[in-house]
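Take a look at this one chain, the form predicted alone, written out in structure tokens.
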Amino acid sequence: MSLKLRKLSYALGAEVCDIDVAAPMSEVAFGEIYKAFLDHGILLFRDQDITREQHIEFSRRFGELDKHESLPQDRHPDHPELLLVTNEPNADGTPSNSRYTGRQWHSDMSFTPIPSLGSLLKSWTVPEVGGDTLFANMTMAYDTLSGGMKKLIADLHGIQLAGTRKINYAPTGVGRAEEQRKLNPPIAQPVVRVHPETGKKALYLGEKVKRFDGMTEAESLPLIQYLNAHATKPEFVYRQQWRKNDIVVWDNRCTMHQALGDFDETQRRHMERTTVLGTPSGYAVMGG
């Protein structure tokens, strides 16, 4: 098969055209998809009207799937491989636990000892407009730093915290945040990670990082803010405008992303994500 790709932006991303991910696929055919995944960081598959079981089976082609034990409240009740990202109310009428999931720059599962290799997010219901997701190319962000900055951050480790949120967003609930922190103690991850398959260096930071290991928050904050602002410059970012039955797969080892609240929250936005396990990284630290 000859894979037909359409670039999504200057920085990263490609649409894979004319592919049904639920159809039988040879190892050679999937190999072309996986190469495109490594080359572009993000792949978009449009018009994937598939079942949850098919979503899970396609995701398994990328590797072993997380059962999301670190986020038990957000799992699909029948499919632990699926993480819900939805504003649909719970069965008892209470607001969804995951309605504000992802509203900060992050890489999936960075707050665990085995951060995600990749994620595959399927859109089931989308608002009329908005509800977009931003993705940043962290390899490009690293490559464009000065030599002096690269030397400064080479050995730094950022302490990744579960359940953190920017103060200008509504909280998802104190109880949920406390549960996440109990299940996921702080993990110090290298600020510069080497991609295990491409060998390229990428920034590994985001807004779950509040300080560097061995430094105070006050000492760390200016550099954290600079690196996050640098990594999310428009020239490094792709904006995904969702349609129903899109599947987007991204490489968490060289990208980070942010869900936007730019939509009418009386309209439904329901997404489901599989998470591919990566390789062990970082180490546990005491406190935050």
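Source: prediction; values computed, not measured. Residues carry their position along the shown sequence, with the first being 1.
Another form, the form predicted together with a small molecule, is not on view; read the next lines as being about it.
- For the marked spot (111, 213 and 220), a heavy atom within 4.5 Å of the small molecule in the predicted complex is absent from each of the three residues.
- Comment: 257 to 265 is the region of 46 to 54, 32 to 40, 257 to 265, 221 to 229 lying near the small molecule in the predicted complex, near meaning a non-hydrogen atom within 4.5 Å.
- Contact check for residue 72: every heavy atom lies farther than 4.5 Å from the small molecule in the predicted complex.
- Contact check for residue 139: every heavy atom lies farther than 4.5 Å from the small molecule in the predicted complex.
- Contact between residue 242 and the small molecule in the predicted complex is found at the 4.5 Å heavy atom cutoff.
- Of the heavy atoms in residue 85, some are within 4.5 Å of the small molecule in the predicted complex.
- None of 117, 145, 191, 121 but one reaches within 4.5 angstroms of the small molecule in the predicted complex through a heavy atom, and that residue is 121.
- Here is the short version: of 95, 102, 80, 185, the single residue with a heavy atom within 4.5 Å of the small molecule in the predicted complex is 102.
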